[in-house]
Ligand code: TAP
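Given as structure tokens, the chain that follows is alone and in the form predicted on its own.
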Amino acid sequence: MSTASTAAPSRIQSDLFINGEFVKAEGGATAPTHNPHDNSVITEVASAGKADVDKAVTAATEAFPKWAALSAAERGRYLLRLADLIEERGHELATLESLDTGHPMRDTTRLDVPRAAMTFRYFGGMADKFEGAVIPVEQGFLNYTLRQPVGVVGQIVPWNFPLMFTSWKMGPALAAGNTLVLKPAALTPLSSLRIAELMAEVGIPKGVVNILPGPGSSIGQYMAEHPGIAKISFTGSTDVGRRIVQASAGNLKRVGLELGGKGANIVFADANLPAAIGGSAFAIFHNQGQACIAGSRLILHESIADEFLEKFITLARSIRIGNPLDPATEMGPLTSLGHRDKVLGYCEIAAEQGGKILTGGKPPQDRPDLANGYYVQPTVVQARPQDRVSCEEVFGPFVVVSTFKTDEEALQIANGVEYGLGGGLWTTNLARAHKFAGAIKSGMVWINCYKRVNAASPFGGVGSSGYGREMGFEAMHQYTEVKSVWVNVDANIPPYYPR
């Protein structure tokens, strides 16, 4: 086993960021953030209250006119400089993210930090390329549209990929000219606060970005209710998403929701099995399965199911579990103790409903070095499509297997849940691939791959997976209002009341 590089960053920011300054919470409250590898306290983080939200909204409101009035190219240059700085501090950011979330360094280094930099760079480049349109209307009139920022935006980031989602939310909002109040998850606030430091370093004006760690049940709710916030963008559970919608009704603010998922991952008889096995393992075990787009339902054609499962289970058992700061670790701990217990509870639910645990289903009991952490073995469960574990989001290294005979049955199983975020399929039949891509009820479909994301490609779902889109031009539309402007160039308008 490799020697873990367990050194934490020399200095960890733990205060609120309001109006360009790091400050204590108004009420002095703090909350610990834990290292999920050993349950130790990393640091005490300031915990915002309603008064802090009010201060942040005021700062963002005052900063908005000047930020929106900057040329789009100038706003873009700030984001481009930030992207460069993220790359320069990449190892430090990756270490902080792994320490706070349990996500292995091999992934925070290769995926999370590069994705954050790429996102800020993409939207920095898009800022001065986001165009309105000229609409063909009646002769004599010029009709064109303007895209204008919505104002102060409230953003709520989840705990599973905090660095990546911070960039996903900030990038388009800032490029479009909005100011913002962002609430990182109380469990994992550290990388978002570090991004605030980097934003101050590149010179983003005071008040444009405000970051408030704290409990979602109070300040997240208050942000959704706040009359000074024009839009709320939330990533998290479906249940909380529904409460966000209810809370937002007071001032009819715009809402974007990226919620839960129960991704169908279909393997047909003609699939390239080695590729499908490796890709399906990544789909569910990457980041310990803590991904809304995880391929958590493995739907196998009955003719290849036995061969697939034999090799898939062998691969699952070979995954190296350990300290996320160890470069050899392939799967780290779940992010919180409560969530680990929830995932293990689904193993009991599966057994109660007649499911069969094919591998995993418990902590790694032969590893005393992991005994204090929030670890769960890669788990493969055979269950019926209608069972709870096949319909409810487990959000862990927990995949449910079922089989099918016909294409129609595969599609019925895939569309048999309330969620519609992402799904995938493995086949060499081109016609089938495109047919299923259109027929699967989800916002994203991957063919012969899984969990591919890019700053240019829209990300979001349908049904109980929410509405609205992150990334790409779609995200810029979410953070702007369209204004239609009519100009009478040389139209001869007869008087309505002739005299």
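Throughout, we count residues from 1 along the sequence that is shown. As the structure is a prediction and not an experimental result, all values here were calculated from the model.
What comes next is about the form predicted together with the named molecule, which is not displayed.
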> Looking at Ile277, Ala186, Leu111, Val150, which is the one with a non-hydrogen atom within 4.5 Å of the named molecule in the model of the complex?
Replying inline: Ala186
>> Looking at Gly236, Gly124, Pro364, Gly361 here, can you tell me which has any non-hydrogen atom within 4.5 angstroms of the named molecule in the model of the complex?
In response: Gly236
>> With a cut-off of 4.5 Å between heavy atoms, is Glu97 one of the residues that contacts the named molecule in the model of the complex?
In response: no
> Does the named molecule get within 4.5 angstroms of any non-hydrogen atom of Gln412 in the model of the complex?
Replying inline: no
> Would Ala83 count as touching the named molecule in the model of the complex under a 4.5 Å heavy atom rule?
Replying inline: no
> Within a 4.5 Å heavy atom cut-off, is Asn272 in contact with the named molecule in the model of the complex?
Replying inline: no
> All three of Ala305, Leu309 and Val380 touching the named molecule in the model of the complex at 4.5 Å, heavy atom to heavy atom?
Replying inline: no
> Going by heavy atoms within 4.5 Å, which of 401 to 409, 338 to 346, 170 to 178, 129 to 137 lines up against the named molecule in the model of the complex?
Replying inline: 338 to 346
>> Within 4.5 Å of the named molecule in the model of the complex, counting any non-hydrogen atom, which residues from 235 to 266 show up?
In response: Thr235, Gly236, Ser237, Val240, Arg243, Ile244, Glu258, Leu259, Gly260
